[in-house]
Structures are given as structure tokens and as C-alpha cells.
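Here you get one chain, nothing else, as C-alpha cells; it is the form predicted on its own.
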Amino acid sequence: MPTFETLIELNEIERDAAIDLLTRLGDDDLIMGHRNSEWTGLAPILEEDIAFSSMAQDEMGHAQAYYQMIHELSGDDPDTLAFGRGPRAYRCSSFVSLPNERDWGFCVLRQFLYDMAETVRLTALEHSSLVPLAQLARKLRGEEKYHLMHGRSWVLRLGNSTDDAHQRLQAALYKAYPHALGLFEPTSADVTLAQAGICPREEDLMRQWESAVVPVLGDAGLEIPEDVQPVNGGRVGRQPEALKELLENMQVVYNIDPSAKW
């Protein structure tokens, strides 16, 4: 298995595959960060207001790191990647686009499922043959550790709370699970990434994720959905209407003057 000490060592096919991966990761984190930020001033208690604001900042910072790596590979500007594209150019999963609807149970469940997926992926990427990506993964996983602890504690807390809280969380799981599986939607880059040792196949990561989330959901007394079909399409630009609405809000300042320097 080759080792790529620098980004410029990738051939054209490997470079395009790496850009595909980094775009997915960056877009997921950017949109998830924005959804988390929507709880600022609205969370049920002040401590959670601060927690979700902090996690939003982390996720957007992670997106910037991925976009910066894309810049080094392709020359694309990170700010333009974040704010200058329309919905069909994004490669995020529908899972991160789903609106919050001020549903606390759904949002903490989504945060847990998402951060477990990130933990599984970043753990794998720590051993990536693409050394700059492996180094970045080690840094980001240290931050994600606290996000995962936060989400896990809330899932257990609500799942083992009142009947009403448990039922709401169960309903949220039925809604979220198919979209969560879409985080592992295969792409045309999978074979190249796996053969080059840059990132494992998505199906392998999904199995690891399910092995990690199922015990926690069981401890929360939740019924795991069976025979669920993943909601795919986000990795090829088939985005839900919710993403269009989110981008209209997120990009409003940038679109006033895309050439402005801050």
C-alpha cells in the first residue's frame, strides 16, 4: 500500500477521489454546524445553548479544514466552496439538512448518530495513506470525542426518562435512521479511495457505525428500525428542499457582495 506524504503525490484519479471525499466531509460538517447554530438562544437550558453553539463552531471549523485541503488540491477558494454554491453542488447527506423544527429529542438524537459516524470515519482516517488527511483526522477526532459524549448522554437521559420523552425519542429514531444511513452512501470514488488506502469503503464504515450505535440505542430502551432503506442522493446533488432554504439563510451576507474581503 503506497503512502502519500504530501497532497501533490496523488495522481489525477486519486486526487479527484480525494476531492470527492473531502467535499462530502466538509459539506456534512458545514450544514450540521449550521443546524446546531440554530439552537443558539433557543435551547431548553443555558448549558445546552452554550454546548450547541460550541459544537456548531467546531463543525464549521472542521468544514473549513476540509475545504482548505481541497484548495490545496484544486485551487478552489474555501469561502466560495462554503457560500458560493447552489444546493445541487453540495454533496452533504440529507441527514444534516433535515430541519430542526425545535424538536430537542430529534436534534440530540441526530447529533449522537452523526458524531458516532464521524468518530468511526475519523478513526479510520487516522490510518489513511494520505498523511495530511491522517494528521487532520487525529486532530478532529479529539474534538469529536466531546460531541459524542454529549449526544450519548442525552439519548440515554431521554430514552430512560418519562414515557412521553421515550416515545418522542423513538419517533425521532424512526424518522432519522434512514437518513443517517445515507451518511454512508457509496460514490464512484469508493473503489479508488479504498485501493489507495485513503479511506475504507462506505459499506464497511456503515457496519462499524451500526455496531457502535445499536448498543447505546438499546441501553436507551429504543427499538432499532429493521429493513430500512437508506435515503441516498445527497452525494450526487439530489438535495431536499430543506437544504435550499438553509442555504438562502446561510449565504445571504455573502451574496450581497461575493467579492468583499473581511
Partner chain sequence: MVADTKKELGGLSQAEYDERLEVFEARINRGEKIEPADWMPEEYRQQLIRLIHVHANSEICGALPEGKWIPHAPSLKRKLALCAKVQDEVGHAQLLYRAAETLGPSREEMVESLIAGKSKFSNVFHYPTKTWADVAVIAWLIDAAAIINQSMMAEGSYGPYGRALKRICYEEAFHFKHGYEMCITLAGGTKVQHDMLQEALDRWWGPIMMFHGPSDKTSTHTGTLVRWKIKLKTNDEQRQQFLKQFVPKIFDLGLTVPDKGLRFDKEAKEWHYTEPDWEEFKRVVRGGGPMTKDRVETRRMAHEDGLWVRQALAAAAANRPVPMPAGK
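Just so you know, these numbers come straight off a predicted model, no measurement behind them. Numbering follows the first chain given and starts at 1.
Beyond what is shown, the protein has a form predicted together with its partner chain; the following relates to that form.
Stretch 102-110 is the contacting one of 102-110, 187-195, 126-134, 174-182, since its residues have non-hydrogen atoms within 4.5 Å of its partner chain in the predicted bound form. Taking a 4.5 Å heavy atom cutoff to its partner chain in the predicted bound form, the contact residue among L217, M206, I70, A56 is A56.
Taking the partner from the other structure, its partner chain in the predicted bound form has a heavy atom within 4.5 Å of a heavy atom of D49. Mapping the unseen interface onto this chain, V228 falls outside it, with no heavy atom inside 4.5 Å of its partner chain in the predicted bound form. Residue contact check for S153: one or more of its heavy atoms lie within 4.5 Å of its partner chain in the predicted bound form. Interface residue remark: R85 is not counted as part of the site for its partner chain in the predicted bound form, having no heavy atom within 4.5 Å. Taken together, G41, D79 and A260 are fully in contact with its partner chain in the predicted bound form: each brings a heavy atom within 4.5 Å. Contact residues in stretch 1-24 (any heavy atom within 4.5 Å of its partner chain, taken in the predicted bound form) are absent; none meets the cut-off.
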